[in-house]
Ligand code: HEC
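Read the single chain below, which is given as structure tokens and is the form predicted alone.
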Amino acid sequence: MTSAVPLALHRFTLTRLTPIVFVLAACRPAPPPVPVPDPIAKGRAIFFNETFAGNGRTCATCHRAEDNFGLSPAFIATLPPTDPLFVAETNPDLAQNFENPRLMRALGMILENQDGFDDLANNFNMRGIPHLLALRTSVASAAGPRTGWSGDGAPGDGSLRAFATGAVIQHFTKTTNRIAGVDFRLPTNDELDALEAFQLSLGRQEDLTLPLPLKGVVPARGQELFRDNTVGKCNACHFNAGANADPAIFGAGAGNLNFNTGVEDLPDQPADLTGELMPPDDGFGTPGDGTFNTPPLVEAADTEPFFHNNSVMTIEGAVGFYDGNAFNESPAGRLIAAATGSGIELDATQIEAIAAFLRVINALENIREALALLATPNPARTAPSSANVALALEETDDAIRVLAGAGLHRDAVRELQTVERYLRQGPAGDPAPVQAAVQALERARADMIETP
């Protein structure tokens, strides 16, 4: 009496409800996809924060975002004594043969053992710190990657990934023994991939296309001289003011080339005048062939000092170098003379005109970068983050300094000073001053170049 009815009801319930259960299961939303890590964001975090179990330095210790991802003597002078850059002054195990604090502080020079660690007291060179901007446009060559000043310090294939490994071994170590697993840990493949992605994202992603419709008469003349293979001849090695060789002269696909330009033969170099030990720098390879790779010029005017040994402090001096004996008697100078019919002979007004052109294209790049930073919103707000605003301020300050340093485009400088005032006012994330700053940036750009 009590079992038959419940059993029938039970069977009925299963029969009638099971399809409903299946339907409900089919309607259940799929689980959200597992987020794929952004390699650039991951690389950024590693670049700024990862010490690789070493002496406290990170990649950003020597490549400061606020200093165009390089490191100048002026910026070094602003750092506190506790900054990891000065670890040779605070860590007794690194007091000898790791850095030269005098040359670092005075001239922004870093000790490199690119030919090996077998004789630390004598087998080294002192080099400046190259910026990391526009790497995507400046690393590739037909002969393989060109990283750093000439590929030195990059073990293995010389790639940007390998360069990061070399940097950890050279600069992050706790002692000069440089034992992996004791003095530091080596980056993993995933970390190297992320660091490469982040570094390739910095700065310009493509070269300019010259000529540009510049408005200033002196910079415009400088552009003509720069591109003229009978006068300035700059475009031969810095095609479109980048880091790659002119394909019409060096062949299609030549890319970034190494040259011996005679910089090592310059007299009265500041580092030599200090009396500190400065072994000759033999450039690429072990032993070296005396060559160094070609840097991009769009970013040159605000990334002084110049050349691998920080031997020249102004952009005018850097241009003037190519009018001197050290260059014209060098292997690169003779190569240019053979390719174009003569060496480089420039008068003072022509040197200043070419430098003015380089100053203007640098300032235009500063403005482009500032606009990009201000167009990147904070995820929680409609305005850019305070970090982006701070970097946009740095770019604006660089543009002012570069233009005002040669008295160029005074109206643009006034607009850029207005940008600084707007970006310094109001709470972080306030879109009103940011929009006013953007408009002033666009007016400054319009003063320098014809815009659509």
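Bear in mind the structure is a predicted one, so any value in this text is a computation, not a measurement. A residue's number is simply how far along the shown sequence it sits, counting from 1.
Although it is not shown, the form predicted in complex with the ligand is what the next lines describe.
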> Hey, with the ligand in the predicted complex, do Leu373, Gln417 and Ala437 all fall inside the 4.5 Å heavy atom range?
Replying inline: no
> In terms of non-hydrogen atoms within 4.5 angstroms, which of the given stretches 89-97, 205-213, 146-154, 73-81 touches the ligand in the predicted complex?
Replying inline: 146-154
> Is Phe239 close enough to the ligand in the predicted complex to count, meaning some heavy atom within 4.5 Å?
Replying inline: no
>> Since only the chain is shown here, I'm wondering whether Thr58 would be in contact with the ligand in the predicted complex (any heavy atom pair within 4.5 Å).
In response: yes
> Hey, in the predicted complex, is Asp183 touching the ligand, heavy atoms inside 4.5 Å?
Replying inline: no
> Quick one: does Phe47 come within 4.5 Å of the ligand in the predicted complex, counting heavy atoms only?
Replying inline: yes
>> Looking at Thr137, Thr173, Gln199, Ser141 here, can you tell me which has any non-hydrogen atom within 4.5 angstroms of the ligand in the predicted complex?
In response: Gln199
>> Exactly one residue in Ala194, Ala353, Leu297, Ile367 has a non-hydrogen atom within 4.5 Å of the ligand in the predicted complex; which is it?
In response: Leu297
> Is any part of 160-196 within 4.5 angstroms of the ligand in the predicted complex by a non-hydrogen atom, and which residues would that be?
Replying inline: Leu160, Phe163, Ala164, Ala167, Val168, His171, Phe172
